[in-house]
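First comes one chain, alone, set out as structure tokens in the form predicted alone.
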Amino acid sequence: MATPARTYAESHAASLADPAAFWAAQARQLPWFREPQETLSQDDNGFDRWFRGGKLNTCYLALDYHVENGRAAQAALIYDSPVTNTKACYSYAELLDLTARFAGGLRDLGVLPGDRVIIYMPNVPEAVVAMLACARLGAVHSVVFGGFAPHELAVRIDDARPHVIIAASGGLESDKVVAYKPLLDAAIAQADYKPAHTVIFQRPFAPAALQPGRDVDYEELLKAPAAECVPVRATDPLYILYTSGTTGKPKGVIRDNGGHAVAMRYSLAAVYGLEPGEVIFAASDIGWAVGHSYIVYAPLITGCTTVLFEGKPVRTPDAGTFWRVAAEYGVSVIFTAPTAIRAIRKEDPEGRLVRDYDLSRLRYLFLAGERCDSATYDWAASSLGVPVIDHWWQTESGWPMLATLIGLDEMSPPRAGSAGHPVPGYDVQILDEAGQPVPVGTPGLVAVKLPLPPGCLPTLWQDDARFRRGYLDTFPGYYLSGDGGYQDADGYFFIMGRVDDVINVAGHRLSTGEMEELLAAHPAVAECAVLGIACDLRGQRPVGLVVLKDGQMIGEEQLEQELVSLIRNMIGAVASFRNALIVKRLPKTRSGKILRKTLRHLADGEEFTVPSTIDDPLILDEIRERLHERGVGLAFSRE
């Protein structure tokens, strides 16, 4: 892929000096139905928009173009499901045929350009077909992580107002069948908005009865005549992906068609070093940004082969399953989360299973989704014998902001603990609370100077005010990431984690504020705080501290069970909420703000200075004793 500058330094400098020229050159790598009239402009709200006036179709870029240009017989999608003992391979021609016919079926159900479609499915090829079919029609898909609780799904239904919901009848989690259809029916019952139809993909281990008039069998839609690609504007939305906010209402991140396609094509070459025809294995879920970007869109737009894996990194059947997949399909790049590597390392600490497979074609392991600790990084590097690249991005960006760009020359090597250097297009800076750059080595707030490059969110779904308030208003002229970090003397960036109350549990961004609202609704709870504490396996996990109402005689064990069930029912098992501790009181500032950050440092065994604004410092000693009694937190569980 051509780039306007040869080296990383030249590329990054060029992207900041003249963003419009840099990204116009990248846009010319794609086949447009109509070339953009403006590379970079602003909309009526003053938000930056890319490639206005251009027309294209993302499904055409991902499928039709390759079939028309010699890749019809090449493998596009490899499906590997050890949990169902199923494997399948789809060529570009076969995937196009399925997608075009399914798009025709959606069209027959009344789906029009701009309509929303929710996809509630596990990692199965039918989900990828559904995503691409929506793109083919110009409809806006919103993938919801399969198995999310009805309440969470209902919130998304009311926000997106989908004409159709496409769901699997069930999924498999740790050898347990999770029936999706009852969860879907409950969500629709709870939601104020009712979709016109649901499309159900029947899985043999979880058959579901269909509701006449509303439910349609997935296979029936494949009998429709094929639909052609609908040209859409570059600024039209391709999808909405919900991410937790600091309130109970999730944020609908929008990805537009034009900027997204350009970013996907550029990033797979520049960041991951992949060329058409190579194989990438992104061991993620399609419900996450990683799944959207690097299981589905970037590989297919580039002309690569992508592996869709349904299963876990361990016990399917063992901790060598990732290496088996990489060897079997000739994978060049693996992309997963540190959580997965920690789980593998826990079961295979010596890395013996790696030696059972021929990984000669594997060139790199990329890690993202949460901060990678040095021990995990070093284990992966030594076991696999390939460079391990920790990089940083968010649902909001849709592609990496910091990385080691292996597709560009003269790039500094990866460094343990660091997410690397700013990717071309991103002017990443560390600021203090006044919005001023901090000295090298000083922790601060991670921000990106505007304009954000193509592929990043232009705004939030139907909530421009929240977008401006949450990301742009704090430091005018900057996007505020919500993460803290620092830059060292060699220019490497280190991301230290969230600075708000959104925590990262095994790659899932979850709101502790929403959990607190749920705990506070329990009749015995007077007030509470939910902390995201460090976890060796998941990166973070939530722990609840609750103060009982006067006169309540409920025991801690019973209350904990009830609160755990409450979180599981309302948010889902992905929250990994297992501990609720009764405390006499919570540490607060004199103005009444709960000192969550101080509590998190306490539980994690980190050094901290007792805030001068604390109302009563002795409260911290009381909570330290409670955490110690229960063995909760890294500071106490390892004693």
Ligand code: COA
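All residue numbers refer to positions in the sequence shown, first residue = 1. This is a predicted model, so every value here is computed, not measured.
Quick note: we don't show the form predicted together with the ligand, though the next part is all about it.
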- Task: Go through 282-290, 261-269, 73-81, 204-212 and give me the stretch that gets within 4.5 Å of the ligand in the predicted bound form, heavy atoms only.
- Result: 282-290
- Query: If you check in the predicted bound form, do A9, P400 and P451 all have a non-hydrogen atom within 4.5 Å of the ligand?
  - Reply: no
- Quick one: of V428, L359, L222, A343, which gets a non-hydrogen atom within 4.5 angstroms of the ligand in the predicted bound form? A343
- Task: Find the only residue in C229, A368, I254, V111 having a heavy atom within 4.5 Å of the ligand in the predicted bound form.
- Result: A368
- Query: Are any of the heavy atoms in W461 no more than 4.5 Å from a heavy atom of the ligand in the predicted bound form?
  - Reply: no
- Query: Can you check whether I301 is within 4.5 Å of the ligand in the predicted bound form, heavy atom basis?
  - Reply: no
- Item | 4.5 Å heavy atom contact, Y180 to the ligand in the predicted bound form | yes
- Item | Residue contact check: R315 to the ligand in the predicted bound form, 4.5 Å heavy atom | yes
- Sequence order please: the residues of 12-32 with a heavy atom within 4.5 Å of the ligand in the predicted bound form. none
